[in-house]
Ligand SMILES: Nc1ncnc2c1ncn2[C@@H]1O[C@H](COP(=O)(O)OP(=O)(O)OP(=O)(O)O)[C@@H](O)[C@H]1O
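A single chain, nothing else alongside it, follows as structure tokens in the form predicted on its own.
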């Protein structure tokens, strides 16, 4: 089986910077894995996410060395639209993702863009709304929703395209602990139902560990400093030594 995400000796430097943000990244993520990427502010974890979803190099240009394959392809060859068919991103600020006037319109947006027949679109929206538990909210405006409801709609919006990879960029940052645990439970359910590859970028490690992840990748100073399973990571001093105490706050 081939990795669905594969970095090989990958480095990236933003044009405005003198030093690389990512250095010699070697990382393989297999189809169906759930991987948590953690690290302190400025460690490079968000840049790693931007490489996966194509924001690097299309929105954030810079110098790349090494190779990256997502879904077996070079993101630079796909363009943002092409990579969005493989990677669905749920942002920390979900308000920035809403386009439709109602939840139903928002869920249907990418299907309309892809000229999906209306009957098929209705079926797809209903299926995804059921999965993310927003069927009762389809007529509501996104601005009327709670933080947890907005996140479920945001998840649904990227799932309608049957993407291979779901990338969550600090999904718990704006949620209270109880809502955060429900969000993690939903991510767990999505993985079981869709067999998607899940990549979570997160500070609040304790909430992310409420549900099982296959691996934890610790990023520090632009490098991968640990790639291990949760139980092994938590008995080491890697997080403490890397100044990552804020991962638990």
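Positions refer to the first chain, counted from 1. Note that the coordinates shown come from a computational prediction; the quantities given were computed from them, not determined experimentally.
Omitted here: the form predicted in complex with this ligand. The next part is about that form.
In summary, the region of this chain contacting this ligand in the predicted complex, judged by heavy atoms within 4.5 Å and restricted to 186-194, 62-70, 43-51, 28-36, corresponds to 43-51.
Heavy atoms of residue 133 never reach within 4.5 Å of this ligand in the predicted complex, leaving it off the interface. Contact annotation: residue 16 falls within 4.5 Å of this ligand in the predicted complex, judged by heavy atom distances.
The closest heavy atom approach of residue 170 to this ligand in the predicted complex falls within 4.5 Å. Contacts of stretch 175-195 with this ligand in the predicted complex, defined by any heavy atom lying within 4.5 Å, are made by none of its residues.
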